[in-house]
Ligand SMILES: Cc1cc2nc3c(=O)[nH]c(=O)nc-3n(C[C@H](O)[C@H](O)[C@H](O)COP(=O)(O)OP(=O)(O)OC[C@H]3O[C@@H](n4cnc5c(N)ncnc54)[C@H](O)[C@@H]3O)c2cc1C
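Below you will find one chain, with nothing else, as structure tokens; this is the form predicted alone, and questions on how it binds or moves follow later.
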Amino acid sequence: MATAPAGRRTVIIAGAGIGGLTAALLLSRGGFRVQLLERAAVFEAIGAGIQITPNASRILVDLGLGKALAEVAVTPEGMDVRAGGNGRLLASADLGAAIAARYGAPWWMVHRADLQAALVAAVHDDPHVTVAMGRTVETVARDGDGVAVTAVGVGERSTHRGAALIGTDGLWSATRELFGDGKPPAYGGRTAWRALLPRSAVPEGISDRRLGLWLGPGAHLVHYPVRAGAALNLVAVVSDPEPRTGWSGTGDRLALIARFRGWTSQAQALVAAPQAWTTWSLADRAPWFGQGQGPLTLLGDAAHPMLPFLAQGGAMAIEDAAVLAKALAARPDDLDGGFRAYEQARARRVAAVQRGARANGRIYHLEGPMGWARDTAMRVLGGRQLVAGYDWIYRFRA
């Protein structure tokens, strides 16, 4: 990639995930040069499906990624919530055109690797963004009015200087620890099992155009199409007393099938269909953007990791990037002030979304009379009102 012209101040971003890549593109638009440091040696097609709700999709569309994402994403026709035990429909809602009309932006379901690929392509086309792969941030120090970042790779150590540093390196953020918070994320007692089914292997009766949610005692099941409808993303979340190691651990398929014994036959067929599952222990921790001093801040899961029960982890990182870029563009000569404005603007919102995700996690897994009360409340409320209850999330504009 070409070197940015003189006069642009350099912002260093640690982490080239969804939040970091989006922030790089938006900061470049705002007049900055961006240096991305990514610890992975290469961009790999890993991960699972992700839902991009209108609060985030409008930002990606504004970045010019609408066409590229529309080719790989699925715009769901609707959503169905069912009781896991008997398959009874609890709530149904139109999404698709209804969502676009209500919020002015689409609801997309996309494989994380496809979203990352679209962002990476845009970054490589941007002459003001450079990417250094295989670089893990080791130290951060003030360097005059800016920062000096030491990063380590295979057999080498490099120093990168810029006007500011943004940590976007995920749940287990090394940057967050360097900024002063060494406490680990808190395991929430649940494990997510993930699988990707080709369309040909999807059990009969499961729509390839709708989002499905099945609720039961101590577990729930989510599925939705990705890869332009060529595959079904499947996530089973179960109560689990012990955390598992890694982002993509190997799951015991037979143990998961046994866990869903007693559920309706259609839900059991979904769980039995994949020949391989990966596991991921779910965790979060309190929102924290740093010490609130200097040209340093955090973004996305590094700042406020979310449980997935509102499908807002990626969306909040994209929102963060838009708010931060706007704050810095308004104060190009006062990055410290821009960072503090960003942190103040985001703190209450991300905390509210985080609380909502935790609450949904509890509601989804209710048992006995409380589970019956949940099911009854959903049937009375209806799907349309369930979606409208999140207007405060989906209407957001940076």
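From 1 onward, residues are counted along the sequence shown. On a predicted model such as this, the values are computed, not experimentally measured, just so you know.
Below: the form predicted together with this ligand, not depicted.
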item: All of Arg39, Gln51 and Ala311 with a heavy atom within 4.5 Å of this ligand in the predicted bound form; value: yes
item: Asp301: touches this ligand in the predicted bound form, heavy atom cutoff 4.5 angstroms; value: yes
item: Contact test in the predicted bound form: Leu282 vs this ligand, heavy atoms, 4.5 Å; value: yes
item: 4.5 Å heavy atom contact, Gly170 to this ligand in the predicted bound form; value: yes
item: Contact label in the predicted bound form: Trp214 to this ligand, heavy atom within 4.5 Å; value: no
item: Sole residue of Arg102, Arg259, Arg112, Arg210 within 4.5 Å of this ligand in the predicted bound form, by heavy atom; value: Arg112
item: Candidate from Ala315, Val271, Ala322, Leu296 lying within 4.5 Å of this ligand in the predicted bound form - any heavy atom; value: Ala315
item: Partner-facing stretch of 91-99, 157-165, 248-256, 274-282, counted where any non-hydrogen atom is within 4.5 angstroms of this ligand in the predicted bound form; value: 274-282
item: Interface residues of 129-165 toward this ligand, as seen in the predicted bound form [heavy atoms, 4.5 Å]; value: Arg135, Thr136, Val137
